[in-house]
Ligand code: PLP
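This document opens with one chain alone, in structure tokens, the form predicted on its own.
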């Protein structure tokens, strides 16, 4: 495998027959969250930045990362923390740059079509520099600066008319290109700016193009700009900065050499120092290109009359570079082929209805089977940032790998995202046919729930609907109605409504069921987060088993004494997302639950919200038998996830049970995992049990309008 990172070793290597990113198996990630997906190496990103910084250390450049290459907030934040600035070309990129943590004092604003609104926003943020492309743009900026009483720093972008020997579509420094100013016009503007009250000419800017792998074009341009700067200084325009743009090429093909950044630095640094200039550069691809890959899965093999096709689940909407530029990306199997693996010549194509929807043509690759994963290498730049939802295809997720850990840094879009900003015109609303609402009934260790995807806000009165559909004698019947809704904090939000119409803060078994629902409906992957009224929880799915990470328990009160009908009952109170009062008994089957639990549930000590009530028996080993009376249901339930957790944690404090605890309930077994610290504190609390589909159906129009 070719070497491409700063430490001489690629972050993507085969280990034990599988392709790894750093120390993480890429196949395991694909199995959990599905494909297509983008995946990035934290180490490669940092190494690339440190290499560039080290090469030019003699001139201490301002390295402004070009957000157009990849504007993921997490990747941008990593670079901002390393000390990078930002190169932006729009108001949206300015917004994201500030959100990611780039200092305004390290932001340069380029682009040929800056709008008045974008300029005003950048002026109010007091960014470091504007790179000006035309006389009209400069005049508008000067007027705005006057209105806002600002002294604005600018560089003029020069079109040097130098061929960088790269793809025609990414050349930007030739006279026929739309970018920059001819030197004669630039000189006129520089001389005019000598007396400006609101514009301060600070530098000169050029950008030759993208994916440049030879140093000669840069050397020619730096020489040309240095000579021009010397001329301007004689005319009284004393420039401080030379912004050489970016475009530093990487090696996309196995034997293709990237730009020799050390050689470039050794040749340019003396010129910068000789002319007493400060250097700015705007790399994008060089920092993120080889730090990322796109993973896709083979859907079908198809033999045409003259060609063999592998059809994958990624399309040109996910990665447009091959269709747009004829760009080359190496293709690797996630399962390492042997030296004797048979080879075949294939076209790798996607599902989009365009003939240009391909990633490779006539490519000689080890034979691959339907269902296998493939990696398209070096897609960290101009991959996701150029993706679209063409053919109504939701955008893929993005993952960051750091050693043995990985994090989802952008969730996969779902169908609802495709229409998030759309609205139906008033003229059309009355002619839309009525529809029913689909639901799935799931069962989690004895608790059953009706689950509805409510991201379109179709449910008008969820409390009233819960009262109707949860009735076991009159309707579907369930322990609760679960609504899956949009969230700004997590993959989605769970709202739970009890059969009496009240809304609960949290339900452990309900959370496991809605996580299974989200996975089965392709709303989330095997790992996800859920926002609840009781806090945000983490979920992991393995077949029918669902494991959720609970919020940190709170409000612990041990040995709490209650007076009930003249008798004293001692128990323990703990909130595990919802409140629970736990009483231990020698035989829970003999407890008068129907008599005692309602009195405890509404006891004055638990007003105003009341409490759930759990009767707990310690049996052999780390096993508990639990019966739970649940508020809202107002009856004993077959199982209660938060009750099982509360019982296990209190059992650890009072009876010495240790993790994992098996909790036996009428509906089945649940397993509780936790770490117990000092001062009765718990962390890493998990609830695990089965969650499976009982049946699917549709809620009638009559029920919808409740």
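Numbering follows the first chain given and starts at 1. Quick caveat, the model's predicted, so the values are computed rather than measured.
Although it is not shown, the form predicted together with the named molecule is what the next lines describe.
Trainee: Check each of 317, 155, 211, 532 and return the one that places a heavy atom within 4.5 angstroms of the named molecule in the model of the complex.
Mentor: Residue within 4.5 Å of the partner: 211.
Trainee: State the residue from 282, 630, 398, 448 whose non-hydrogen atoms include one within 4.5 Å of the named molecule in the model of the complex.
Mentor: None of the others qualify; the residue that does is 282.
Trainee: In the model of the complex, does each residue in the set 512, 641 and 666 place a non-hydrogen atom within 4.5 angstroms of the named molecule?
Mentor: No.
Trainee: Residue 43 near the named molecule in the model of the complex, any heavy atom under 4.5 Å?
Mentor: Contact with the named molecule, no.
Trainee: Would residue 87 show up as a contact with the named molecule in the model of the complex if we use heavy atoms at 4.5 Å?
Mentor: Yes - in the model of the complex, heavy atoms of residue 87 and the named molecule come within 4.5 Å of each other.
Trainee: I'd like to check something about residue 492: if you look in the model of the complex, is any of its heavy atoms closer than or equal to 4.5 Å to a heavy atom of the named molecule?
Mentor: Contact check for residue 492: no, nothing within 4.5 Å of the named molecule in the model of the complex.
Trainee: I'd like to know whether residue 580 contacts the named molecule in the model of the complex, with contact meaning heavy atoms within 4.5 angstroms.
Mentor: Residue 580 lies outside the contact set for the named molecule.
Trainee: At 4.5 Å between heavy atoms, only one of the stretches 65-73, 648-656, 23-31, 676-684 reaches the named molecule in the model of the complex; which one is it?
Mentor: In short, 65-73.
Trainee: Which residues, if any, of 378-412 lie within 4.5 Å of the named molecule in the model of the complex when only heavy atoms count?
Mentor: Result: 382 alone.
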